[in-house]
Structures are given as structure tokens and as C-alpha cells.
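Okay, here we've got a single chain as C-alpha cells, the form predicted on its own, with questions on binding and movement later.
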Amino acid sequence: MKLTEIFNSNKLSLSFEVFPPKSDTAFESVKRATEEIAKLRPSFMSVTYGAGGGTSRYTLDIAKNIKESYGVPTLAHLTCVSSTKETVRTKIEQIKAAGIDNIMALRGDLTPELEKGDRSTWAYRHAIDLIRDIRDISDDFCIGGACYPEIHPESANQAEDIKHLKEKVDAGCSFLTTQMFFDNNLLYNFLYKIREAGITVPVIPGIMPITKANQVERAIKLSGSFMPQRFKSLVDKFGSNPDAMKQAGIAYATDQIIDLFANGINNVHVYSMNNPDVAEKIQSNLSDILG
């Protein structure tokens, strides 16, 4: 199933992101965690690729298992940073052979080694290059892209960021998924600006439940996310109590999702961090809302 069928249905939906294992020894435990999330019957699940493609060999295995064993539509991430054209083509053909209709096309995070390397030799320098190649290889895929409600860390300003986002959509993106954010007003403002710029594809908000105090620093480092005072107060109050912090973090994420649904956003994607308990609690909090 192509995800645009879900996004265009006008029904409220909740989806979850999972990530593949970092080693062979962790494969079975990660597989079990992703299966527990799949048993919740989310609208779809996305499977990440890993920095520099380091865990890419497991992405397809996890995505294929979720789809075939549990009937949950899957979105396979594909990154292109430092990859060759031949490697990317092989990956695309493998995704197609697995019967997966959806690809999240990303440049990928830059590892310290890649940041120091010579980028002039890369076959792919931006996600738009990957999107064009996917479209050239096959018209069968529903292609997703990433967007940043606040601003891409490498953009000079938001106007430049939106300009490049429009180019990415014009190249073949069928939908966009946002980086994490903790203030819904940032998303609403962003949506207003991109719609004015002519970007009309579905935009799926990405929500990160912060269930541990030490996740805050990492979240800021990864995305540069603005932390509203309401959220900072939550961490200050409950951060030293793991159980309380987990409950408060889930409640905060649930509140964000309810506000998004109430304001006309029908599809929300949760960065579950392979935690079935967090995914289940959020879905349970929304059981009557989702219907």
C-alpha cells in the first residue's frame, strides 16, 4: 500500500518509526521490539537506515518482516550520503523486490569521517539527487522526504530552506515528514509558509516522546529543536525520577498529538525509539480519538 492512500483518506492515523540493530547480536531483540509495535496495528511503520548506511543491511529485513508477518504497511528509509550510483540502484531494486511501495529518501547524517572527507567526489550530495534517481529507476514508489519546521541546520535561513524543499517536492516527493518539534505553533507557522510557497503535498508531523531527561540534550543536538518553557519545567520537575519522567514525557507527546488532530492534522508519526511500551501507552491514550 502506498502511504498517500492513508494520507488522502481523511481519517486520523498514528504511525511509528523504528530502527534496525547496530550489530548481528542485537538483531533478534530489535526484531522482537519492532514486532511488538507492529502488533499495535499502526497505520504504517517506518524503518530507518542508520548514519552512513552502517545498519542498512537490516533495514529491509525489518521492514519486510513487519509487512509480511503483520500486514502493516512499511516505509523503508534510504540514504545516499557517500554512496555510489550502483549501490543505490541495488538498494532500490531490493526494496522493490521485497514488495515495499514506500521509500523515505534522505541524504543521511554525516559521520565525523564523512564531514572531514572530500564531498566533491560524492555521487549524491543532497536528498534531491536521490529522489530524482528513484523516480528515474521506477515510477512505482511513493517517495517521502524530510522537512524542518524550525530550519535545516545547514540552511542560511528559512526562506532558503523552503526554496530547497519546494525543489525536492517538485523532483518527486509525494509527502514530507517533519523533524521532531516540541511546540506545535512552530509547525502551524511552518505549514502556513510552505503552503504559500506552493508546497501542497501531505506533511506528517514527527513527534518524539522524551521519556528520559538525558534525551533532551541529544534531541537538541540532533535537530536544534526549540524547547518551550512548559517542557523545560516538566524535565526540571520529573527528570530525576525515571518513572515519573517517562509518564510525563508520554503525556506531553500525547497532548501534542491531540492538539494536532484537533487543528486539522490527520496523520502523526511517532519516533518510538523501538520502545513498544511507549508506543502502546500513546496509542492507548488516543484509543477513542483514533476510533
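The first residue of the sequence shown is number 1, and the count goes up from there. Nothing here was measured: the structure is a model prediction, and the numbers come from that model.
What comes next is about the form predicted together with flavin-adenine dinucleotide (FAD), which does not appear here.
Under a 4.5 angstroms non-hydrogen atom cutoff, flavin-adenine dinucleotide (FAD) in the model of the complex lacks Thr87 among its neighbouring residues. In the model of the complex, flavin-adenine dinucleotide (FAD) sits beyond 4.5 Å of every heavy atom of Glu93. Heavy atoms of Thr79 reach within 4.5 Å of flavin-adenine dinucleotide (FAD) in the model of the complex, making it an interface residue. Among residues of the shown chain, Thr177 is one whose heavy atoms approach flavin-adenine dinucleotide (FAD) to within 4.5 Å in the model of the complex. Shown alone, this chain has one stretch from 191-199, 209-217, 94-102, 145-153 that lies within 4.5 Å of flavin-adenine dinucleotide (FAD) in the model of the complex by heavy atoms: 145-153. This chain lacks the partner; the member of Ala171, Val203, Leu187, Leu106 within 4.5 angstroms of flavin-adenine dinucleotide (FAD) in the model of the complex by a non-hydrogen atom is Leu106.
A single residue from the set Thr254, Ser43, Thr48, Ser225 has any heavy atom within 4.5 angstroms of flavin-adenine dinucleotide (FAD) in the model of the complex; that residue is Thr48. Along 252-286, one residue reaches a heavy atom to within 4.5 Å of flavin-adenine dinucleotide (FAD) in the model of the complex: Tyr271.
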